[in-house]
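Below you'll find only one chain, the form predicted on its own, shown as structure tokens.
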């Protein structure tokens, strides 16, 4: 899931380019100006692209908020690093699932403390699950849950409304919070969080930074890194310089920043697999995309390798399947669309499309305009012509969700269990994540069946049936799965950054 790259060899012409851009320090690591490890071996500085609006354990909505909360709160179970294995025990030391899948029993570990010194009990778990049920932001993590009850101080039984196989995956994203703290200090609950995770909240400079400190009574042992500062640096170029000078030790980066980081022996780059996908989306309610042969032609017309090189600097995995190759349910037997413009032309002729054919307007948000330009050129090669209209992001989303478009290009991430792909493929989600406006009763039923069985082989067979069908029908023109990219000081060991990039600073350490 994770690949480490250390880039070698820095050509003179690239050096000249970086100098012209004011990034001279990218070649040498800024030499004498380099700040060794920012502070000391017990400290860490992480650059984030935005400040947080809230530190509420269930009512957060941004990646930055999620990454900070992951350090402060612990779940009952942790999702395995590859996203495929069995959940790992955290606050729950064990669990059982009833044969019919209608009850989950969690046995809470004794001796787990909140940061205020109070013990974590079954009542806190029930309180947290109910809080997630009411959350408009994170409620999907507890889909299928009817109610939870504490049968004793350290046992929680979850009663399901219906069998829902991804329930344990969702549980891995539920932050267990203190019921007493909420009742005593509701006004501080989302600003001064009290969790039971490896790090406790130590304060913030609004708009600038948030500081965490290691919790010495953490039940898995005190974290090696004692102080963590999340520094707000919105600009990618500034982040790139900060990681090179050592002012920052760890940060997410965009592929465009790699050029400036090549050649430094002080920086490693991690590539982390994700289920997010870049795709061409065709409105199946509008001609000519009601004909699957036209959709197939569009898929064959896209030169995915070229697009990945142009738009992602090679930092993405080519994949035409809506199910990423790292995800449960993917199979090499499911149809992939290779670059084949001749086959595209044949399919268009079979569909009665006389070229050149005007597809009208490709509607995109500004952040996807470069993808649209590459796709526009590929479509033109097979006789399909489109103009590009760029809209402000929120206006674009309004048109997209209302179906006011014919063809578009964008990126979508459906984190969690493979069942989350139902959001892009089932009738109930038309107007939200089902941007193709695809509706097939058979696919609806197959997803429902997959969500209600706990038999792994049966689920795998159902997903194979789903993805084989939607790939053959070319519901989407999936292009690639972009990597999540992280840059860090080469002396910082980051362990295995999990699938989807939910990193744990508890696993970080400075190498001797």
Partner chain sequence: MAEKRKGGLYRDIWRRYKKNKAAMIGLVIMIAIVLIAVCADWIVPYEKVISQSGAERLQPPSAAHWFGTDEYGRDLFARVIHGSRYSLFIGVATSLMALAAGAVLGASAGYFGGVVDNIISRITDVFLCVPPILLSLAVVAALGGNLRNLIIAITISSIPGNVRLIRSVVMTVAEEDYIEAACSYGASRKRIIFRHVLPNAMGPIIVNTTMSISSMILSAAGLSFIGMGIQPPSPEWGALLSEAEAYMFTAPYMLLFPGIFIVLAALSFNLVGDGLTDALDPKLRN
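Positions refer to the first chain, counted from 1. Nothing here was measured: the structure is a model prediction, and the numbers come from that model.
Separately, the form predicted together with its partner chain exists; it is not shown, and the next lines address it.
Its partner chain in the predicted bound form is not approached by residue 105, whose heavy atoms all lie more than 4.5 angstroms from it. Although the partner is absent from this view, residue 251 stays clear of its partner chain in the predicted bound form, with no non-hydrogen atom inside 4.5 angstroms. Looking at residue 406, you'd find every heavy atom of it more than 4.5 angstroms from its partner chain in the predicted bound form.
Though the partner is left out of this view, residue 157 does not reach within 4.5 Å of its partner chain in the predicted bound form, counting heavy atoms only.
From the list 336 to 344, 232 to 240, 115 to 123, 69 to 77, the contact stretch for its partner chain in the predicted bound form under a 4.5 Å heavy atom rule is 232 to 240. Of the residues 361, 185, 439, 369, just one reaches its partner chain in the predicted bound form with a heavy atom at 4.5 Å or closer; this is 369. 373 is the sole member of 226, 373, 98, 326 with a non-hydrogen atom lying within 4.5 angstroms of its partner chain in the predicted bound form. Candidate site formed by 259, 377 and 390: every one of these residues places a non-hydrogen atom within 4.5 angstroms of its partner chain in the predicted bound form.
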